[in-house]
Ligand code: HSE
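The form predicted alone is given below as one chain in structure tokens.
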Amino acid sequence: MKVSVKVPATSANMGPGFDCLGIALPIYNTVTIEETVLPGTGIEINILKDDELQELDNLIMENIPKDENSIVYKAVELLYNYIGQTPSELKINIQSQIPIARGLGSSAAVIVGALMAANELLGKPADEAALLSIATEVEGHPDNIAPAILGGMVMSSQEEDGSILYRKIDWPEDWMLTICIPDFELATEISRSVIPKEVPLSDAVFNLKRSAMFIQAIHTHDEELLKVALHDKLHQPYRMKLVSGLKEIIEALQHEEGYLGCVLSGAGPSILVISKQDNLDRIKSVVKETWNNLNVNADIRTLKVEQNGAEIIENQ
């Protein structure tokens, strides 16, 4: 039996929503799990290179663990343990189109894809809530996991018992998302290492207020409120120095028509620009020119929100 699952990329944090907000984007990883018939072969993990990925991404892929240290293996093992079994002979192929180490949820996508494919092979013993919990246990936080599974924009929280509390939020159709992906990587571990373990109470309160404003701005389609709500003091100021050109891009976009905000995508270094549709070419040009002046090349795409989460595309 063989099952393939297609999983969307995700952009997390979205300004003030550190570790609790995420949105799905139409770039995909596909994970295929096949039961093998040869006893004793164990779990085989193959990462299939995509010709469209940059050379840097292919180099990173070559160094991704393909044994018991792989997050894919850990996800599958946790699911089997959940039903009191041990994974045996499985072949896992990963076809990656999501740029790696760019803040677009590439790890969440393969975790979710492996879990859903294995769950299908086992006869669906885990429901949506269990899959969310298991995937979050591997990833560490649910902000990418939830939209990867559910699609759309999702606010989520890992509770003390390990369960995931979540709700989907309708994103305004005329607020365009332009994802700007530079040609350099930023490992999540490095990006998290610069964030202090404790922050001033005033900064925590600032983000509480901005997060509430952000949700209200989305619900009421309030563009002026959104511009204020996207500000953050918990992660972006600390990560700014790790992302060449981010400060300059934000400053350059401030007075562009139709511009609503610019935030770091996940842990970076990709950035997400929110804008109206009527000035997209100019906004893309500003980002491209700013990065070009710093000798940074970038893939810049305007995308719609992917409303569908992970889905099974083959089951035979």
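Predicted model, so just to flag it, every value in this text is computed and none were measured. Numbers follow the displayed sequence, beginning with 1.
In what follows, reference is made to the form predicted in complex with this ligand, a form of this protein that is not presented.
Enquirer: Is there a non-hydrogen atom of K74 within 4.5 angstroms of a non-hydrogen atom of this ligand in the model of the complex?
Expert: Because no heavy atom of K74 falls inside 4.5 Å of this ligand in the model of the complex, the answer is no.
Enquirer: Can any non-hydrogen atom of R210 be found within 4.5 angstroms of this ligand in the model of the complex?
Expert: Contact with this ligand, no.
Enquirer: With the partner left out of view, is V273 within 4.5 angstroms of this ligand in the model of the complex by any non-hydrogen atom?
Expert: Taking the distances in the model of the complex, the answer for V273 is no, it never comes within 4.5 Å of this ligand.
Enquirer: In the model of the complex, does S157 come within 4.5 Å of this ligand, counting heavy atoms only?
Expert: S157: no contact with this ligand in the model of the complex.
Enquirer: Among the candidate residues E139, E120, E185, D232, which is the single one with a non-hydrogen atom no more than 4.5 Å from this ligand in the model of the complex?
Expert: Contact residue from the list: E139.
Enquirer: Which listed residue (K91, H221, K168, R192) meets the criterion of a heavy atom within 4.5 Å of this ligand in the model of the complex?
Expert: For this set of options, the contacting one is R192.
Enquirer: The chain here is shown without this ligand. Which stretch in 26-34, 261-269, 244-252, 278-286 comes within 4.5 angstroms of it in the model of the complex, by heavy atom distance?
Expert: Looking at the other structure, the answer is 261-269.
Enquirer: Just give me the residues of 1-25, first to last, that have a heavy atom within 4.5 Å of this ligand in the model of the complex.
Expert: Heavy-atom contacts within 4.5 Å come from A12, N13, F18, D19.
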